[in-house]
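Okay, so here's just one chain, in structure tokens, the form predicted on its own.
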């Protein structure tokens, strides 16, 4: 489209299609609401009519135990939030560096590409819980001067190693999705490789992979609770301590609900970004 020239008004056919889409969206929302409500009622009746429901309600859904355990679990959740913020930032940095390293061209950079590829293959293949054990208990066992022993630091390092490998592949997919003609055009304008990646390739790649990155962030919010295996007193560990004191499993339910509440805004943001990207791809064809 020529700059400064506005698009014409949509045709009657396009207006009819938009009205039909709005009616269909409202109808779909109503059907979804009714079906969800019906499913919830049926599920409630099935669960509450089970013979062991009174015992389960007392053991897992005690309002008094939930209220009393909320302050301690909430304090532990603050540690999870710190790991999430610090680890999320470092994951982006490590993932981007690994992706850029794997995208280097030329035989002179072959050792760097091999190291980056080995890192991605290794830490995408090892379960996070094993990496937590190896880093959390292996690094302090080396006895090196100045080696951190904090579960917060070691747990964050393990999470960054694993999620950095996944995010590196997301970034690499976005970089490779940019058409080679974009690089050729940038080089014809006199930009070197670094300038081409920074000015031309990376902005386009980031727009492409943003929904995938947000989904990885949602998964990261859940997995930060695994640092409890290193002894960190986070929300999960706090719930475990409370369960050991009262022999009531309600604190686990409280911790799970807090993680769900933490993940819902990010999940909805990921859905909104995905929908916006889909609308952007489908726009521009007014009839």
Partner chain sequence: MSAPVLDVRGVVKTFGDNVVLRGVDLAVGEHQVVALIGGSGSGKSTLLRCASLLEAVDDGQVLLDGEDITDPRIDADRVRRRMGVVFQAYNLFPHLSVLDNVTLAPTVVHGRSKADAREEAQALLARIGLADKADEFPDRLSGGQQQRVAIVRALAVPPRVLLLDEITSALDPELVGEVLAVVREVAAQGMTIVMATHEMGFARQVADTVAFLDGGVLLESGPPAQVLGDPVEARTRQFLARVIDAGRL
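Numbering follows the first chain given and starts at 1. Here the structure is a predicted model, which means the values were calculated and not measured.
The protein also exists as the form predicted in complex with the partner chain; that form is not presented, and the subsequent description refers to it.
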field: Contact label in the predicted bound form: residue 188 to the partner chain, heavy atom within 4.5 Å
entry: yes
message: Contact with the partner chain in the predicted bound form for residue 203, defined as at least one heavy atom pair within 4.5 Å: yes or no?
response: yes
query: Would residue 145 count as touching the partner chain in the predicted bound form under a 4.5 Å heavy atom rule?
result: no
- prompt: According to a 4.5 angstroms non-hydrogen atom cut-off, is residue 124 in contact with the partner chain in the predicted bound form?
  reply: no
82, 149, 177, 182 - the one with a heavy atom within 4.5 Å of the partner chain in the predicted bound form: 182
query: If you check 199, 115, 75, 128 against the partner chain in the predicted bound form, which one has a heavy atom within 4.5 Å?
result: 199
message: For a quick test of understanding: in the predicted bound form, does each of 192, 195 and 207 have a heavy atom within 4.5 Å of the partner chain?
response: yes
